[in-house]
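Here you get one chain, nothing else, as structure tokens; it is the form predicted on its own.
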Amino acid sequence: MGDFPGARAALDDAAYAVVGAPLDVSTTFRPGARFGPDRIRRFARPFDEYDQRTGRHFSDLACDSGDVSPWGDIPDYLDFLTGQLSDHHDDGRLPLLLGGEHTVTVAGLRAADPDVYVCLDAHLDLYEAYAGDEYAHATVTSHALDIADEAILLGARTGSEDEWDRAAEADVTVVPPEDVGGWTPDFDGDAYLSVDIDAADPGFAPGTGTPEPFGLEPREMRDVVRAVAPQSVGFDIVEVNDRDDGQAASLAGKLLQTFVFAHAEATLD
């Protein structure tokens, strides 16, 4: 496994740290999220590390801390991963978490402790337990609402009847795919931004566990990442697997770069 391209800053100097979390135990239909961190790094190799829009170099900003390999006890693994991510926060680095299945977001949220959970996702993920598993990938928004005051789900287009009933409550906002292009952040406080790659239409990102048609275009996802990054205290990108020719991983890597440059522009001198 190589580092994320351009993530060459010294650990003590970096403002951002890439952290892989190749968890892949509750994927329902098409497993392979365990390969996500490696594929995102590999398919980001063609990208220039200079951003003309902000005038910044990725190599000045980010380091790569490698992967935190999972084990069978998922609650225990999430506790350990939370500790690893918290160490970065304590040292002044914003961790950039690469999944792995969406469950790893629980650790990112616990480490960042945001006011608002903002998520690009095809699915509501509002199950309290899925197939008897309270830490399944489809439960992430429920866990998020144990930490954040509200959840904003962008591009969500499918869920069970019970999930849609839960989404109708005041602490959840669902922005359907056709409205994401006109959405702008209007929340107070800090945000945690999670990008499930299946928010994209499968034509753009087929390499994911639960693809869902009629999704977002890459530019719409980029614009959301740029808009939310300035208020973000945590970031992840999840659910990339090895079931395509690299389209999902390439999009994920570019969105990670986009987040870093937009966040740095807003928060660093």
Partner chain sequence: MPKEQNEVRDLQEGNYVLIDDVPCKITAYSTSKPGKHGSAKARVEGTGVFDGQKRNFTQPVDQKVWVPIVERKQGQVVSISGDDMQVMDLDTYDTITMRIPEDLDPSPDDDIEYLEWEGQRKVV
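Keep in mind it's a predicted model, so treat the numbers as computed, not measured. Numbering follows the first chain given and starts at 1.
Separately, the form predicted in complex with the partner chain exists; it is not shown, and the next lines address it.
Heavy atom within 4.5 Å of the partner chain in the predicted bound form - the one residue of W164, Y130, W183, F80 that qualifies: Going through each option in turn, the one that passes is F80.
Heavy atom within 4.5 Å of the partner chain in the predicted bound form - residue from D87, E134, D115, D171: When the partner chain is considered in the predicted bound form, the option within 4.5 Å is D87.
is_contact(D76, the partner chain) in the predicted bound form, heavy atom dist at most 4.5 Å: Result yes; D76 sits at the interface with the partner chain in the predicted bound form.
Stretch in contact in the predicted bound form with the partner chain, which is absent here, among 171-179, 87-95, 189-197, 136-144 (heavy atoms within 4.5 Å): Selected range: 87-95.
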